[in-house]
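Taking the form predicted on its own, here's one chain by itself in structure tokens.
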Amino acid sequence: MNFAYTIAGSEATGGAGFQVDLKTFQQLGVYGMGTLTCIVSFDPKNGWAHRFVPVDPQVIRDQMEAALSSQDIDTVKIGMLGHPDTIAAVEEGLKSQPWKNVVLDPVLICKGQEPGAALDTDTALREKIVPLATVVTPNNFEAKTLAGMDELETVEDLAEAAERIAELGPKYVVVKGGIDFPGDDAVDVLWDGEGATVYRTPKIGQERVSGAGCTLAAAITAELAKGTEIAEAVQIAKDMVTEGIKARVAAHTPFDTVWQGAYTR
């Protein structure tokens, strides 16, 4: 049995976060385990804005202790942390044992927080968690922020951003062009320390679909847990996201969500 571990926030509609991670792990044949860092609830009475509640840091430590004691786990995906105290607890847990794969989906802006608190969280994430990661999967905005670049408008820009972010510590960086990247293709770039690999598929509509970034990072995590090489892991993850967007699930929310169950190998 291959095990994958997620450290992420709960999103009650099932369209992002912890719920997406476990569904993705299951679909790819990996036994999923996890630690909740926060609870995020959309507010349908307020334009579906985020309501953010952090989990007590000691409860995070307790969850990590239980999970890491129950199995020999060497592959983890980290999603929303959301608070400096959370980040400190997660850093402590990560440093308690060696890891083969630490996949970080760097959620820099935590919706539902005051701007000052979000800035403190972003700074702590960059300083404490990014250097521990072996793979980082920033979206367009996160890549610009981490790389210190104003625009990502070409494939060369994506590759440069990935190479810059790798200088912060990660061995591999996957920059997601996303819906904001110009052109008809959804473009992602993997930097592996020596060069860039470009992944392209035609865009499926022009609307954002919730859960795409979570699914991509979780799929990479699951494949790495099975021993898949990074370039193939990213290709499988991109294929899964593409199929999931094609089979998107409509809702009463202003956005659709990825359906992980659409992907089969």
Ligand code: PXL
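Position 1 is the first residue in the sequence shown; the rest follow in order. Predicted, not measured: the structure shown is a model, and the values here were computed from it.
There is another form of this protein, the form predicted together with this ligand, and it is not shown here; the text below is about that form.
Peer 1: Which listed residue (Ile165, Ala133, Leu125, Met80) meets the criterion of a heavy atom within 4.5 Å of this ligand in the predicted bound form?
Peer 2: So the residue touching this ligand in the predicted bound form, by this definition, is Met80.
Peer 1: Only one of Lys203, His50, Lys226, Arg61 comes within 4.5 Å of this ligand in the predicted bound form by heavy atoms, so just point that one out.
Peer 2: If I apply the 4.5 Å criterion carefully, the residue I get is His50.
Peer 1: Want to guess which of 229-237, 38-46, 216-224, 25-33 is within 4.5 Å of this ligand in the predicted bound form, heavy atoms only?
Peer 2: Looking at the other structure, the answer is 38-46.
Peer 1: Please check if Leu146 has a heavy atom lying within 4.5 Å of any heavy atom of this ligand in the predicted bound form.
Peer 2: Close contact is absent here: in the predicted bound form, Leu146 is far from this ligand, nothing within 4.5 Å, heavy atoms only.
Peer 1: Quick check on Val241: any heavy atom within 4.5 Å of this ligand in the predicted bound form?
Peer 2: Val241: no contact with this ligand in the predicted bound form.
Peer 1: Classify Asp256 as contacting or not contacting this ligand in the predicted bound form by the rule of any non-hydrogen atom within 4.5 angstroms, answering yes or no.
Peer 2: It does not: once this ligand is placed as it appears in the predicted bound form, Asp256 has no heavy atom within 4.5 Å of it.
Peer 1: For Val187, is any heavy atom within 4.5 Å of this ligand in the predicted bound form, or not?
Peer 2: Close contact is absent here: in the predicted bound form, Val187 is far from this ligand, nothing within 4.5 Å, heavy atoms only.
Peer 1: At 4.5 Å, heavy atom to heavy atom, what parts of 8-35 sit next to this ligand in the predicted bound form? List them in sequence order, or say none.
Peer 2: The stretch 8-35, when checked against this ligand in the predicted bound form, contributes Gly9, Ser10, Glu11, Ala16, Gly17 at the 4.5 Å heavy-atom cut-off.
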